[in-house]
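Presented below, as structure tokens, is a lone chain in the form predicted on its own.
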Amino acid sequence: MATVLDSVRAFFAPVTTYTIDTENSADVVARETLLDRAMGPDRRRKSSEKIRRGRLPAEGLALVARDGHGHVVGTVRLWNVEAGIAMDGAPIEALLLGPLAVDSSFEGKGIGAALMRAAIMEATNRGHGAILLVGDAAYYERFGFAADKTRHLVMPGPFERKRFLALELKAGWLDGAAGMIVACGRKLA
């Protein structure tokens, strides 16, 4: 027979299940609060943030992780960019990933990896050719990201070359890509 103490323990027990879902408008405050906590007060000064400013994420590529109660505990978004130009002078369309963040009380449960796999799969399903990011190479290499495809690309503003990584979703997509990463895609209204 369950006691009041059992009910209290169950209520306060850590939730270990989560689901990956498409972000919706009701998630904005929770997402921004999570990003402020995870990334710190200077997060809006990063080169990647300058590219994202004034833009909407790529269609269908704003994802969240929800705990068993439906609360946002993780987020990842991908943004349309032009990854320099090809040898023929045409812009190379790609995605810029970021930020990826998980609530500190849920770290180590595989939520970040699940968000990454879901984002890569959805970008692939939507026909995108490559994903770029600035992040910890040791973490992102396990998903196939590497610095070799970004060697002739640059971010606007300061960035660490060894942290500027790419994953080709279509073989050869970034071959010959050179130049500045610039925003494209949908603008905020």
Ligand SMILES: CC(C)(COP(=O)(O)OP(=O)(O)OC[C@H]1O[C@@H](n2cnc3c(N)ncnc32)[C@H](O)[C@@H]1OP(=O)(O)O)[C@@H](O)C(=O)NCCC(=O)NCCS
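Since the structure is predicted, the reported quantities are computational estimates derived from the model, not experimental observations. Don't overthink the numbering: it's just position in the shown sequence, from 1.
Note that the form predicted in complex with the ligand isn't included here; everything after this is about it.
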- Query: the ligand in the predicted bound form: within 4.5 Å of a heavy atom of each of G112, G135 and Y140?
  - Reply: yes
- Message: in the predicted bound form, does E107 come within 4.5 Å of the ligand, counting heavy atoms only?
- Response: yes
- Looking in the predicted bound form, any heavy atom of A146 within 4.5 Å of the ligand? no
- Query: Counting only non-hydrogen atoms and a 4.5 angstroms cut-off, does L56 reach the ligand in the predicted bound form?
  - Reply: no
- Does A38 make contact with the ligand in the predicted bound form, using a 4.5 Å heavy atom cut-off? yes
- Item | Option touching the ligand, based on a heavy atom within 4.5 Å in the predicted bound form, out of I92, A119, V72, L100 | L100
